[in-house]
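Next up: just one chain, as C-alpha cells, the form predicted on its own.
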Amino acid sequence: MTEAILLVGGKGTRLRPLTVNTPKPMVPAAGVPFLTHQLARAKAAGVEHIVLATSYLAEVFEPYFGDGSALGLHLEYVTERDPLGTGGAIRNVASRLRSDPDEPVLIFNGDILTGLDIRALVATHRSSGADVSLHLTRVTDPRAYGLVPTDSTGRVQAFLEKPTTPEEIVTDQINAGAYVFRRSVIDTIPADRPVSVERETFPGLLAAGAHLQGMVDSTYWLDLGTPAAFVRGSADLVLGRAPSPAVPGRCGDRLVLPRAQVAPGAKLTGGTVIGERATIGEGAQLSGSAVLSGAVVEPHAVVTDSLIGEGARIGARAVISGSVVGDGATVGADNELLAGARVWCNAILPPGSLRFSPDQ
C-alpha cells in the first residue's frame, strides 16, 4: 500500500478574499472543494491512507470529509500549532504513517492541479532506488520558479533560486509540487521548527550525497495560487482539460449544480460553474467563471473569467471581468470591474455606471 501526505495548511493569502472564511483547499473548483479532486485522484492511483497536514482554519476539513470512507479512503488529520513550512509539516505528521522505513510515501502540495501519472512517479522512485523522487514539469517562462536541472538519467543535480538573468536559466524544469519520499528520509527532517523542503531539505539531502530523482511529466499542471489561476483551473476541470474523477457531472461547456436556477435566456460557456441555489437572470452572459452557492447574477450582467463568492449579488447589466467578488458582497447595477479587481466579503458597491480598478 502506498500512503500519502497532503499539505493543506497554507493561508492562501494571494487568493483573498476567497480564503478569508475558507481554507484554500476547500474553495470550490468545478462544484466541489478543490481538495476533493486531489483525494479522488490519489484514490484512483491506489492510495488508501492519507494524512492531511492542516493549520489555517483546520477545523473545516474533518467535518466535511470525516474519516474518508465516503471516498474509499482512510483520512487522518494533524494540525500544526504554529506554521512549520512544507518540510516541518511533513515531519509533524510522521507518527501517523504506517509505512516501513524503505517504503514510499507520496506527498502533495495542496494547491496544485495536475494530470500527473501518480503510479508512474512511484514506479520511477522504486526503479531508480531514489531517496526522494520529484515530479518536474517544464514551463515556457521559468523566471518565476526555482529551477531543477537533472542529468541524462533524471538524477537531480541542483536546486537553483529563481533566475534573474538569461544566463541563469539553465533549464526549463521546475519543481511541480509532488514527491515520493523513502519513509526513513522523513525522520531526518528536524522536528518542531519551520523547515522548507525546497530551500533546506532537498539541497541538504543533495549535499549529503542522497539520490534525488526527477520525473518530467508535462501533462496538465497549474499552480492555483492566484484568483485568476483558480478560476482557470475550475473551468479547465469542467471542460475536461484537467482530469478529475470528482467533477460532479459530465464535462462540457457548463456545469449547473442541483437547485440552481438559470433563466432560459442566460448564456453559460467556457467551463462556467453555477453552484447550488445560485440564480442566473435572463440575458446574463457568463464565460469561464464560477458562481458559488447562493449567489445571484441579475439580468443582462456579463461575467467573464471571474469568481462570484457565496451569497454574493451581481446587479443588472454589471460587467465583471477577471475579478473576484467575495462572499456576501454586492456589486450594484451598471458597475464594471476591471481585470484584477477584488471586492471584499460583504462589501457593497452601489449602483451607478462606475469602473473599479484592481484591489479595491
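All residue numbers refer to positions in the sequence shown, first residue = 1. The structure displayed is predicted, hence computed values, not measured ones.
FYI, the form predicted together with a small molecule isn't displayed, but the following is about it.
With the partner omitted here, the residue from D131, D217, D111, D236 that has a non-hydrogen atom within 4.5 angstroms of the small molecule in the predicted bound form is D111. The listed set G252, P245, G265, P83 contains one residue whose heavy atoms approach the small molecule in the predicted bound form to within 4.5 Å, identified as P83. Against the small molecule in the predicted bound form, the set S287, V324 and G326 makes no contact: no member has a heavy atom within 4.5 Å.
The shortest heavy atom separation between T54 and the small molecule in the predicted bound form is within 4.5 Å. In the predicted bound form, P17 stays away from the small molecule, with no heavy atom inside 4.5 Å. Proximity of V273 to the small molecule in the predicted bound form falls outside the 4.5 Å heavy atom cutoff. A residue is said to contact a partner when one of its heavy atoms sits within 4.5 Å of a partner heavy atom; A176 fails this definition for the small molecule in the predicted bound form, lying far away. The candidate stretches are 40-48, 298-306, 54-62, 315-323, and the one lying within 4.5 Å of the small molecule in the predicted bound form by heavy atoms is 54-62.
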